[in-house]
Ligand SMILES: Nc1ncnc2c1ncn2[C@@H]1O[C@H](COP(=O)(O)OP(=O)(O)O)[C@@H](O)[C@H]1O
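What follows is one chain in structure tokens, specifically the form predicted on its own.
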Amino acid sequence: MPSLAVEKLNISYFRSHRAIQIACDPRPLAIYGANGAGKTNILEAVSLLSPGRGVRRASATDMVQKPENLGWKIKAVVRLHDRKYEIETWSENGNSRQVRIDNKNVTQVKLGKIVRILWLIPAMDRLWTEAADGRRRFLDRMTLSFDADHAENVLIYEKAMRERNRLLKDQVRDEHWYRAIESQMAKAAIKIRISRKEALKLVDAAQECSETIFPSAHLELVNAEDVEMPTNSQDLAELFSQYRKRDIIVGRTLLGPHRDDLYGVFSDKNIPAKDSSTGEQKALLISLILANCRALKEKTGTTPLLLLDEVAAHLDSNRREALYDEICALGAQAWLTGTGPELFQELGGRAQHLLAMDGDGKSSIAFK
């Protein structure tokens, strides 16, 4: 039985769904239906059970059902090992989303200590060839799965960096204005980089000891400035100070974990992931998600929820079967989407099969 599973999911006025209720057992969920039937919207709702802006990185306003604009709400019963949690998250009048766990208002950071979620969506297919920010988000999602405090450390760093950037843009040169801010940035930055490196180490180890038909990728953390980063906060604060004149010229902070990048190498061919074929890049991403899942189960005893949007459409039957076998062997509750039931034949009775429909502007879902 999966150590983490959604048992009930209620979605209200969210995207295309006015009212959807799904009662789940611990098995994977194969959700199929025509394009526009709201399949990805269900995955997005599940992704909001974790910290952040979900699989689409959308604003709370963008998630509300139009034209009503009444606000949206997601309620779920989540089981973690032997304990159940009632989680609610919602937004009203376009305001930032709120979170309640077991009838107590909490911050989003609290979600990361309960619900660990990994996802793969079509927009991530270009991960290796596009800008660094997408790879950084991918890395931080991986890191957050191991370290629930990572999200808070990132928030602390980014808040301090915004304050520093305001000083830089205003051409402030008095170092007294910078000292406390740079010290705070440095302390958070060291924690962020330690957590990121540890996550990469764990995922690399999981790839080395696994038997899978999916190719492995060696991952490295690099920074845009190609500078050897200090390993203690005092030295890093001093480096921020040394960069200050240069940062004032450009009006922003040029050094720090916000400019880290993830460099991947296709291990079997020893070539950069960005130079691999489109199919190979997709297979590498699947491999990394599975390795992350294995590493997390080994380290914490908890298998994360997996959200895999339209993944099966890019795989032949052998790789689909291998993917499903690995998901089931890991004991993960995976939420998978596809356009037709044939994409999930290899799962058979190992999964729950749901048909998503959209008629007369009203979405619905039915178990098959």
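Position 1 is the first residue in the sequence shown; the rest follow in order. Worth saying up front: this structure is predicted, and the values here are computed from it rather than measured.
Quick note: we don't show the form predicted in complex with this ligand, though the next part is all about it.
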item	value
Stretch from 314-322, 63-71, 327-335, 22-30 whose residues place a heavy atom within 4.5 Å of this ligand in the predicted complex	63-71
S16, heavy atom within 4.5 angstroms of this ligand in the predicted complex	yes
4.5 Å heavy atom contact, A58 to this ligand in the predicted complex	no
Heavy atom of N41 within 4.5 Å of this ligand in the predicted complex	yes
Heavy atom of G36 within 4.5 Å of this ligand in the predicted complex	yes
